[in-house]
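Two forms of a single protein chain come next, each set out by itself as structure tokens; they are called structure 1 and structure 2.
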Structure 1
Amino acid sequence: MRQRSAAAATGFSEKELRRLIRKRVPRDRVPLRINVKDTSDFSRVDYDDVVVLAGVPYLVRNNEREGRFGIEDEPKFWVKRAINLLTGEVRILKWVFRELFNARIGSLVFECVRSPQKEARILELVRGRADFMQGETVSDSSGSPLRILDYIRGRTLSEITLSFGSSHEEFFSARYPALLSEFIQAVEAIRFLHENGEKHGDIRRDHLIKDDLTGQYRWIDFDYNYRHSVSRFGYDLFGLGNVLLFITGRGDVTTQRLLHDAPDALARLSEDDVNIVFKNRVANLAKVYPYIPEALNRVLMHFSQGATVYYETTEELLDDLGEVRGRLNA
């Protein structure tokens, strides 16, 4: 009886919801009981529950996960995949909250915030752009903001890069030029943010997803902000550098890996050749893969321990990458 009241209070009877669910999932996946949940607390919303947001019923599926560095994926209990029962489209429901914390990058510690208002601002700024995740903000049952985000079907830049080519040389000649062009487009997208005074805040290779529908990379998860010092976009540029090193090396080329696979290449490296922060990652990739052109390696070396000048704007990086692309395609 109570279930029926809960369902009715949302504007949908249990019978209607069951009918809608049957249209969207296989018969054997239709829940035995229709649980319409209050949306004010994400921890009480589980798989197979129904939530109603802005008058639209959603069938909740799994929590989203975030994983990298080979560590088992971490479930994000506040981010749930769901099916819009009216249209059948998959959406991401994200309960937003503000969180201050210190981020540690190597030995550097700086203040960061997970900011709902930043994410809302950027969603507004990038509305309609194919190179960013899209979404809207609605209110949960307690009046707090809750994000409904488009679900992007596709693989991350990380997954795609690692899937290319049998050898690095084959990858570099056959796949890299196109991959670099796509990366340049992704940097253009970040330039758009920077020109509008916004940082991405968490630039990582798994925050770029190639949309199966459009074939274009889209940036996701831009709700972080970091307390910048003199360089407003320094941390974003550092992130872009790490992604560039990753795609150029077809993965992180680490000193540990070289010790095992290519001790000769490791012996050629000096202190200046490693990543400016992550000292076990190689930045001077031409010493490992000699066919990497000098112009490209010069760009990579801006992110090395031996760098004496750094990129301060995406424009500077794009200028150099444009030149490299021209030479690779010549």
Structure 2
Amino acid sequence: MRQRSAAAATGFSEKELRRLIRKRVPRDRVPLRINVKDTSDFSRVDYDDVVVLAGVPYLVRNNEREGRFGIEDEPKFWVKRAINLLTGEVRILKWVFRELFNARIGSLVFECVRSPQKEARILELVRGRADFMQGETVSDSSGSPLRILDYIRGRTLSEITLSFGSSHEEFFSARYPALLSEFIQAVEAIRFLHENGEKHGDIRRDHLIKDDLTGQYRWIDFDYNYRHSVSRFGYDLFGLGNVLLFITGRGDVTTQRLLHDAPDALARLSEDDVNIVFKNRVANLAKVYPYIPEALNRVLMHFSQGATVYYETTEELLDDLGEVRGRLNA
């Protein structure tokens, strides 16, 4: 009786929900019981549960996963994949999750906080733009902002980068110029945010997905916000630098890897040549791959331990990357 009452309270009877579920999943995967869950607490919402948001029923599937701080495939219990039972489309449901931490880049300390309100704002700002994830914000049963996001089918920038080339030199010659051009387009998207007073907040190579349908790289996950009294966009810019280093090196070029594969290159490095954030990653890639042009390596060195000048705006970074692209394509 309790389950029937919960279903009825959403505007859908248990019989109707079962009929909708049968249209969307194989018969042997239809739940024996239809559990309609309250949306105020994501920890109580599990696989095969039904939640109703803004009058639309969703069948919850798995939790989304993400690698962070060196931990791969950590479950994000507040982010769940689900099926819109009215349309059959896959959606990502993202509940409020509070998180606060400090991030240090050289001498700069950024206070980072997870902000669903910021992500809701940006979703409105980028509505209709093909270079960002799309979605809407509704209220859960407690009145908190819950984001309903389009599911993007595609591969991350990191997966694509690692799939290119039989060697780094072959990759750099045949694939890198086009990849750099695509990265520049992604930086243009971040410039759009900055020009409108917003920050991405969590720029990483796995937060850039190439949409299988459009071929367009799209930024995802912008619910982190950060504060710093001097460097308003600095955290985003260092994130872009880390992505640039990754695609230029065709992966992270670490001191551990060089110790094993190229000890001569490791011997040429100094403390100033490593990444300002990740001290085991090489920023001065020209010392490892001498065919990397000087103009490109100058850009990379802005994100090194030895840097004395940092990028302050996306415009500055785009100007330098445009020069590099011109020389690579000459």
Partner chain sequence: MSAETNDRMKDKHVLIAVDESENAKRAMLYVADFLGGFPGFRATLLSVIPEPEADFFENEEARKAWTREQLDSANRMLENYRQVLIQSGFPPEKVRSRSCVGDAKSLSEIILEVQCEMSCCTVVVGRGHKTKSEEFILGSLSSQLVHQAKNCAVWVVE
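Source: prediction; values computed, not measured. Structure 1 provides the reference sequence; residues are numbered from 1 along it. Throughout, rigid core stands for the largest set of C-alpha atoms superposing within 1.5 Å between the two forms.
Peer 1: Please identify the form predicted on its own: structure 1 or structure 2?
Peer 2: Looking at both copies of the chain, structure 2 is the one that matches the description.
Peer 1: Quick check: residue 151 between structure 1 and structure 2 - does its CA shift reach 2 Å or more after fitting the rigid core?
Peer 2: Not so; residue 151 is displaced by less than 2 Å.
Peer 1: Give the rigid core superposed Cα shift of residue 110 between structure 1 and structure 2, in Å, rounded to one decimal.
Peer 2: Here residue 110 registers a C-alpha shift of 3.2 Å.
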